[in-house]
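This document starts with one chain, in the form predicted alone, laid out as structure tokens.
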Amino acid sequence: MAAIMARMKIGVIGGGFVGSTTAQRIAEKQLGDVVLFDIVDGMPQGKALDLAQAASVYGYDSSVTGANDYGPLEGAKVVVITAGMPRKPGMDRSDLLKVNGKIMQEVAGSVQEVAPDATLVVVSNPLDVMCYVAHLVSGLPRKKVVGMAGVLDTARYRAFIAEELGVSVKDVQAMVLGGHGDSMVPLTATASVSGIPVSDLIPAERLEELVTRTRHGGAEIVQLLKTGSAYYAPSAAATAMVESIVLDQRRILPCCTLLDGEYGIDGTWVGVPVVLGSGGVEEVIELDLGAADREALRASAQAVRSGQDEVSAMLGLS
């Protein structure tokens, strides 16, 4: 019998809703063999067993294994990090930064020990600041650490435009830049439907309402669920990024990356369009933004920079 070719190993850190759904999507697309890690004893193993049993029905050959230690991640080429605590009632922004900053510090350091060549796809919140922590702790070059939020925020923006016009979301082209939060920058000037400017199809006042809805897209879901947050769209966004990396698709996607002078921003993790390929962030695409969008992007970057400085002081990073 011919030997079976080994598949690429892909790690997913965090076995919650986002992590386990990301593992499911990666396995179903057969992008590689998945190691699902979580500190809760038995939980990632149980979810991995469930996914393994689903394979015979869905028809995929990728394996999924669960782990409570980092050893099985050895040699992983891509690691998706979803670990972190959700913001709880009474918890302010600084509390969340400190708690999740410590978790990211531990995760990034541990992954680096067993998979030093992996590209890190960060999903944990606060997203932009967690990319900063992962980059500093891992010591990886900037192209090997990338944040997910831009793909997710853009997906929400496109969905809202498609819903408004009653057209296929496949024909909507749009992009959201900036930090993953209220300061994000959904671009209106470049949004289109099959090449037709959205501004020709949607009145300016209504388009601005869709922009506002995009900025609060995650909060809208939290309000509806009451006891949880989004995971279908975040996992789809993370998987799209993993797919572009492992298949070297070189897709242009809005991702959180460390800017080094691009857009007049330096030393800050901000969502901008990048070429995402086998080496991670292969190129940062610098758009010719209008004055208002450029200023909004810089303001968003300043908000992220404040978070970077705050978590750096909390955790003693430099």
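Quick caveat: nothing in here was measured; it's all calculated off a predicted structure. All residue numbers are counted from 1 along the displayed sequence.
Beyond what is shown, the protein has a form predicted together with a small molecule; the following relates to that form.
Taking the partner from elsewhere, V80 is found to have every heavy atom lying beyond 4.5 Å of the small molecule in the predicted bound form.
Although the partner is absent here, N100 is a contact residue: one of its heavy atoms lies within 4.5 angstroms of the small molecule in the predicted bound form.
Not displayed here, the small molecule is approached by A230 to within 4.5 Å at the level of heavy atoms in the predicted bound form. Taking the partner from elsewhere, G16 is found to have a heavy atom lying within 4.5 Å of the small molecule in the predicted bound form. Site residues D33, H135 and E243 are none of them in contact with the small molecule in the predicted bound form, judged by any heavy atom within 4.5 Å.
With the partner left out here, the small molecule still marks one of 190-198, 170-178, 206-214, 141-149 in the predicted bound form; by a 4.5 Å heavy atom cut-off that stretch is 141-149. This chain is drawn without the small molecule; in the predicted bound form, the residue among V107, A76, L120, V185 with a heavy atom within 4.5 Å of it is V107.
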